[in-house]
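There is one chain below, alone, in structure tokens, taken in the form predicted on its own.
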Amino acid sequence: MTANARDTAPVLVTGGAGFIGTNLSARLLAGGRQVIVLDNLSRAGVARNLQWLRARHGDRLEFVEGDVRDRALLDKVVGRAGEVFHLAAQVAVTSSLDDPGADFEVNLRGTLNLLEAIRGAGHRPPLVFTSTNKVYGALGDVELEDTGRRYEPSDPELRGRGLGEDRPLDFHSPYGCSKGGADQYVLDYARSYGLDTVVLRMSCIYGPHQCGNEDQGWVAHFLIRALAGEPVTLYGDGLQVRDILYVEDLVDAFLACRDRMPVLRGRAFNMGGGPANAVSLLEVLERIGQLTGHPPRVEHSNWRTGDQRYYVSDTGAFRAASGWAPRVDADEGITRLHDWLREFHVPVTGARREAAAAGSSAA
């Protein structure tokens, strides 16, 4: 397939009806590309995401219901694709602990199936793969200080720039192992077989179309619970810090990977909001309280396996190689997600239903 043909062929997005996949697919479709969404519709909310994509983009969207564990199906769809974004995954550490075999089959075997389908295709479409910061483990060796509202590294240089790709890999939990193994396969297929591949090791992504829960998508989960008048459970003390990245900025990074593939191929990059968008869980709850007019109710539970007390991405390498930078800061992004959830997602339940019945405007 020539470069021109690749630019006009459909884009394959595995997990394309999920939160990130929906936002990526919508951007591609709005730009005039045809998109093949491959999804098994196993997660809550994805069927509605698919319906939304179909309503907006019609025939330019092709939906294939299926699974990355189905190698024959992957051969068919990859054979028609000009480029591939691989987002399909089992995404929860807790689920991986409950069923490590299923986690392995989806995350590692599924990724290997996709790589083999690409290797076997005559035109070998480029691949962008979404990995995770969990490949760096629990980061227990990073010395932290408790500031009262968040943990911060004692090392001022680390506090100022975040964690870089030179951090040793240290897979924790079956999820960390399966995603980390897939991460390394994607990089090695560039080295061993000459495929065009890029890995993004993602921090916490949030934004519209995210049906967050306790196991994944915590910013949306906190907002959904607060808007529904339900308590939020904090695992640990709430001082743990993440650099949150608004999904539109992540989509910009995906497209930068596509456009700069010859420069980026065979490399892994840390992808998040960076130090400027680093927030603790308590700080996010504080911001939610400002938006809703009252602080969310909070319950506490024990720390969970592999939880990182501090993770902030150093995105300097990706910025230097691609020219990318996030545009939406944490306060603005949380506000956008709050407004989207109020309009499109959160049902009126519990106290909110009673208030609505009484004619109150509280939400």
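Don't overthink the numbering: it's just position in the shown sequence, from 1. It should be emphasised that the depicted structure is a prediction, and the values quoted were computed from it without experimental measurement.
This protein has a second form, the form predicted together with a small molecule, left out of what is shown; the following refers to that one.
Asks: I need the one stretch from 87-95, 150-158, 225-233, 119-127 whose residues put non-hydrogen atoms within 4.5 angstroms of the small molecule in the predicted complex.
Replies: Stretch 87-95 is the one.
Asks: Does any heavy atom of D67 come within 4.5 Å of a heavy atom of the small molecule in the predicted complex?
Replies: Yes.
Asks: Decide whether N40 counts as a contact residue for the small molecule in the predicted complex under a heavy atom distance cut-off of 4.5 Å.
Replies: Although the small molecule is absent here, N40 would touch it in the predicted complex, with heavy atoms inside 4.5 Å.
Asks: When the contact criterion is heavy atoms within 4.5 Å, does L28 count as touching the small molecule in the predicted complex?
Replies: L28: no, not in contact with the small molecule in the predicted complex.
Asks: Is I20 a contact residue for the small molecule in the predicted complex, using a 4.5 Å heavy atom cut-off?
Replies: Although the small molecule is absent here, I20 would touch it in the predicted complex, with heavy atoms inside 4.5 Å.
Asks: Which residue, C204, V279, L115, L264, is the contact with the small molecule in the predicted complex, using a 4.5 Å heavy atom cutoff?
Replies: When the small molecule is considered in the predicted complex, the option within 4.5 Å is C204.
Asks: Scan I334, V328, V46, L61 and let me know which has any heavy atom within 4.5 Å of the small molecule in the predicted complex.
Replies: Looking at I334, V328, V46, L61 one by one, just V46 meets the 4.5 Å heavy-atom criterion.
Asks: Kindly indicate whether Y136, C177 and Q308 are, all three, within 4.5 angstroms of the small molecule in the predicted complex, using heavy atoms.
Replies: Checked in the predicted complex: no contact with the small molecule for any of the three.
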